[in-house]
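We give structure tokens for two forms of one protein chain below, kept apart as structure 1 and structure 2.
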Structure 1
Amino acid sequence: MERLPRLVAAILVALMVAWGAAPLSAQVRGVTPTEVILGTSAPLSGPAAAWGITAIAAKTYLDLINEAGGIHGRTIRLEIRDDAYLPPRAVANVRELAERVGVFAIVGIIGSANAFAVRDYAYQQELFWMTPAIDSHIWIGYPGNRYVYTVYPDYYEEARIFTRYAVETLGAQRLAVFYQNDQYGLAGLEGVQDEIARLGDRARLVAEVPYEVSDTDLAAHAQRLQSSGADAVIIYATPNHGAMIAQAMARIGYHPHRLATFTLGDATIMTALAGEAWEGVISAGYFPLPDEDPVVAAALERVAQREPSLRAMAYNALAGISFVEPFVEALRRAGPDLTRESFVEAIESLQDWDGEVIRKVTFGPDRHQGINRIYLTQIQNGRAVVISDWITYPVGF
């Protein structure tokens, strides 16, 4: 029996020596010799479930990379948790991912209110956060932005672009905003308000009509918009509520110009939800459409072959890929000894970098907003058609 304690002691000594000789990357949260662990909280259910497909697409894209051998011998595991578009659930999910799963980074998170609720905790945990799907203005001046790297458009700047286009190109003079009553919608509203002020007497903001995520009947909202006499309505809503307001306006014979944020840019989803009421809606894009770019089309085809449900939600599926592409490139550049420091150096070396989907990405020590441009689209015969060149806006952080 005396030999057993000596054997256990010998094993413990051997393990301690092995641990001491292990590379630094083995001691980094979410990094092992064989994998890198990421996490996300996404609306797989609830009123914004159409956006949850971004998480499925990101995971599918990463799975394909893993099947090809991963990055420097490591696979990339993406843990997905459903938050049903509810901020308290998003907070609980991220807490679990950080403390129980032990992720290296957070990817995405749909919903400005959800991300805002998570923001302070993620900062305290020093979590890298790749492309939070929210308005970039919440990061301006926030100390935790040093852990954030985003390739997501800015709602505030997009709203300013919409306003200018409505007035200068469409000839609108009376604008209204239909918006979700949280950080998401308020960012769009603020952008419209500020651009209207800049335009002076060329246009007026005649109605600000909010809705709640729990609303199931938007007839009264449509009546308010019509009564305002607005000849252009700018929309910041979930896919369900965007479709509902379009249908409600059509039912009462109200047909202003309609401009909807890029999060409603998936023509297949929106025409399925709204039918003919979505025809003619102007939206935006931040990566090339697959109809316009064979490289993007090929990326979509690869993930759709593995997960066929992505084909019917092409725009949102491609958005999910765009969320993680720069992260994957940073892992390649960081080399096999992955540390927090080597990751930062690698991702901040991206200068005017093109992925398969996302393009012209630039990061640096003083720039964590990797893109600052969009283009406009319009639904014509049920599909999104590009109607403008790329439009740039100021980098915020």
Structure 2
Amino acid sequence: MERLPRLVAAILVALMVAWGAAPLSAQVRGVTPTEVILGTSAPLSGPAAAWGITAIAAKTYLDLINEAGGIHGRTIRLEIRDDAYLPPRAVANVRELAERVGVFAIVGIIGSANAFAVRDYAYQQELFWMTPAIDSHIWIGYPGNRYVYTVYPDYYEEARIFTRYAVETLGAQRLAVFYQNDQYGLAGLEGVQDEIARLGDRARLVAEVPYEVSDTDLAAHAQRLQSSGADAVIIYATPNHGAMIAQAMARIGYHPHRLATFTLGDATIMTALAGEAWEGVISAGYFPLPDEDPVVAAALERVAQREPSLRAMAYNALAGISFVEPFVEALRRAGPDLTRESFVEAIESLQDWDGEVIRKVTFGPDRHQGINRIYLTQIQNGRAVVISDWITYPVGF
């Protein structure tokens, strides 16, 4: 017991030395003459770790830019923190990035729950936030969206486009939705519901079938879908569960039109998982496919050479690149004198700007949703084939 006070004193001294003098008083947070610091919180461990590849891809892409000399003499450092897909840790990570690392902006952050847990803090700190990887629809009407610059699509609007396509082009009259029972899936469900209401009596929503991430047996789900008699099923799921439901439907001989959200758009991964059962599935994309566009293919090849693990998850890797592309361009345009104001002016000057991966990006003082278009693909012989032009949807914010 006698030792305790001395121990406490020692700890206190250590703490003071370690953190007492922490706050930096730089002119612009996250900017030095030689460096711009970005930060992200991503699931690198835990069940959602496959999405963490976006952060790795973004970092690899930035590293390649740094090796080529950086932007206006500055290298771009991306600090990655693992959140294991848990909101409390995402909050801690972003706070660490803002307060201790001192980042200029945050990038990505996967999952609605994580992004929502961080949202108000990021707003309070006036952190620039490049492309939160969540439904961009949810930013509409949120005052903090003025610091958000996103090139991520809108699940809600995508679901409406799917619904319209199913009814008008495929001639479906009875629709069903298979969705993950969380914010991600509910965004899709809501889009379908609203669009069906708009279409009037041309189509009906005959089944809403939710699943939990922990479900490992989707036989009953498939049967529910089948017995509803739906002729088109719209899927908002993880790649894993998307492939599972496709197989479960095929197993009971149920073959409706299937439309799956763009996160299941990677034909290679989905065909590897679901095999034949994924044939004919309609999905979406928001940047050109590497098979069809040499520039995208070249970008993918460049990062994959540096980080071979990216090759197996091409879409996630490309999405990761797209998260930072507009930022890099804005740095270029802002010139050597980088301040928050010059950055805002620069990024808001992007008009129909084409990056290597993400295309036709437009930002402005009243427009922070950088893209408002998707196109549809269909799996034919295991490859994604583009079946529509770009389809635009209203800009939300």
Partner chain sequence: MLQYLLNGIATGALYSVIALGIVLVYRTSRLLNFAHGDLAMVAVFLVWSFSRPLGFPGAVAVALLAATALGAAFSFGVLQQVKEATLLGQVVLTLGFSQVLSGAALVVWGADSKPFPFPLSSVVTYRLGGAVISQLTLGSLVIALVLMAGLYLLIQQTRVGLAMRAYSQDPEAARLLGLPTRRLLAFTWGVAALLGTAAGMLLAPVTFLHPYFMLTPFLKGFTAAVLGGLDSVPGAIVGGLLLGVMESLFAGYVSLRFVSTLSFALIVVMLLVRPEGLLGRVFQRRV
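Here, rigid core means the biggest group of C-alpha atoms that superpose within 1.5 Å across both forms. By convention here, residues take numbers in order along the sequence of structure 1, the first being 1. None of the values given here were measured: they were computed from a predicted structure.
As summarised for this chain, the second structure is the form predicted in complex with its partner chain, and the first is not. In this overlay on the rigid core, Phe287 has a C-alpha that sits less than 2 Å away from its partner position between structure 1 and structure 2. Annotation for Gly229: C-alpha shift of 2 angstroms or more between structure 1 and structure 2, rigid core superposed.
Relative to the superposed rigid core, the position of the CA of Gln124 differs between structure 1 and structure 2 by less than 2 Å. If you overlay the core, the Cα of Ile252 moves by 3.6 Å between structure 1 and structure 2.
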